[in-house]
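Quick heads-up: it's one chain on its own, the form predicted alone, in structure tokens.
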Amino acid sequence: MDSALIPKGVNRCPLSELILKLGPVVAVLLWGVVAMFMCWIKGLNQTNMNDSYGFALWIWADLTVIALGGGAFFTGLLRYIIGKDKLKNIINFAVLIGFICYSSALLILAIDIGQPLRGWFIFWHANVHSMLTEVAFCLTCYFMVLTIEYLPLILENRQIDRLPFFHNLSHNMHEIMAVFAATGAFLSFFHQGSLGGVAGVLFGRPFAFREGIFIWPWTFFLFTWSAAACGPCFTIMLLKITERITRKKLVKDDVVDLLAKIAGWMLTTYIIAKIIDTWYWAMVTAPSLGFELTDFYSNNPFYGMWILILEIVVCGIIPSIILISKKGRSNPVSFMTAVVLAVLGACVNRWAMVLQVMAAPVLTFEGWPMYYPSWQEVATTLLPVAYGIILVALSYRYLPVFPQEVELNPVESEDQGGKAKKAALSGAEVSPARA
């Protein structure tokens, strides 16, 4: 039964081996589920959040996965709207990662509100003056779009595709996918931007406060920009990890090179804008509010000046130079270094704009409050990671995620064909080959 669900022309490890390897991941998943129900049953007193840290580890994780899931909307925009047809060979994987990221973001929010049964209040009793209301609406709608984009991949499963209704439904959905890609890009622009806008309008938190264009602070545009730059890098990073684990080539180098080159130029332009924004904030905005740059950084290990250098220089300038260079992208070591640094840069940026905003003192008698997440917060933050690993493993095993896999691994396809022919001659059943 398991082998009948695996796409034709590819090899997969035995089901028992897959279950054994996913055992530790399932254990982490169950650990997170236990912590999640503790937060729901006993309340948010299970966390170490306080008056200084109302936005803590969960919100950092939420904003980070939303940013890194931006590879889905940007790759879809490039593929269906701009016409980069070569990216059709990686769009399935990008949509899968985006689906995982956005479903994880909604899960984190369901834990964070403490009473998920009242989550509908966000929509029915909407605060029309809040950027977070717009985020909630766009986030939910875009998750629905990602579900629609992921559905044809499920319908292309070897057994499901045999049914004429599902085969035709999948084909017709592919024909109109450009509509959903355009819708997803529109929704992503606003919810990515509004997440940055929330920080930008915090006048009582001068670390995040920015002036703006019309009603939007500059952080609105910087958040969307960084998601479009670092999201594709996250997709590439997970692709390379998947190739390393499966020991297969899944996407051709020219496809990855194209996506990395575009991401590199997006990262370059973003980091230039980020440098200008930081300079203006440090030299004009902060002094006008009575602060100096050094007031926003502490000697403690979490909020030192190193975080600014890490974000802009190490995780911004360096990877952007590598990714826009053909020579840099051609070297596997420098290429992976750049991709990982770009992903880390998005994580550091969201860390600063969530936690450092809360930690920086704004009154003369205030100090730097510290925050250490409880094990429940850590477990529920790792819960989406475990869930994502399991969904990637199952999608890779049973769905045609990578259209070029058969072409790039001809030996195993021939081996499988030879075994099938030999089994047919002997009347034996073909056993699933080891990957």
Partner chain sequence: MKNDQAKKYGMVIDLDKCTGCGACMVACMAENNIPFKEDESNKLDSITWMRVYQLTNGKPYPETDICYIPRPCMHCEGDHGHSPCVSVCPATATDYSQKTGIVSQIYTRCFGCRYCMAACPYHARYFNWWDPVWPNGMEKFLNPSVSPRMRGVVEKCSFCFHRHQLAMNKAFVEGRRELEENEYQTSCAQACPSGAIAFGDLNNPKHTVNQLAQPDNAHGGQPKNPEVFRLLEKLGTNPKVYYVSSREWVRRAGDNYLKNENPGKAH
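Residue numbers count along the first chain shown, from 1. This structure is a prediction, so every number in the text was calculated from the model and none was measured.
Keep in mind that the form predicted in complex with its partner chain is not shown, yet the notes after this line are about it.
Enquirer: Would Thr133 show up as a contact with its partner chain in the predicted bound form if we use heavy atoms at 4.5 Å?
Expert: Judged by the heavy-atom cut-off of 4.5 Å, Thr133 is in contact with its partner chain in the predicted bound form.
Enquirer: Answer for Leu363 alone: is it within 4.5 Å of its partner chain in the predicted bound form, judged on heavy atom distances?
Expert: Although its partner chain is absent here, Leu363 would touch it in the predicted bound form, with heavy atoms inside 4.5 Å.
Enquirer: May I ask you to state whether Met49 is within 4.5 Å of its partner chain in the predicted bound form, using heavy atom distances?
Expert: Heavy-atom contact with its partner chain at 4.5 Å: present for Met49.
Enquirer: Taking 4.5 angstroms as the cut-off for heavy atoms, does Ile113 touch its partner chain in the predicted bound form?
Expert: Yes.
Enquirer: Given that its partner chain is left out here, which of Val348, Leu250, Met358, Ala185 has a heavy atom within 4.5 Å of it in the predicted bound form?
Expert: Flagged contact: Met358.
Enquirer: Just one of Val198, Leu238, Leu87, Ile262 has a heavy atom within 4.5 angstroms of its partner chain in the predicted bound form, so which one?
Expert: Of Val198, Leu238, Leu87, Ile262, the residue with a heavy atom within 4.5 Å of its partner chain in the predicted bound form is Val198.
Enquirer: Which one of these stretches, 223-231, 266-274, 120-128, 326-334, sits within 4.5 Å of its partner chain in the predicted bound form when only heavy atoms are counted?
Expert: Selected range: 120-128.
Enquirer: Pick out the residues of 36-70 whose heavy atoms come within 4.5 Å of its partner chain in the predicted bound form.
Expert: In sequence order, Trp40, Ile41, Lys42, Gly43, Leu44, Asn45, Thr47, Met49, Asn50, Asp51, Ser52, Gly54, Phe55 come within 4.5 Å of the partner.
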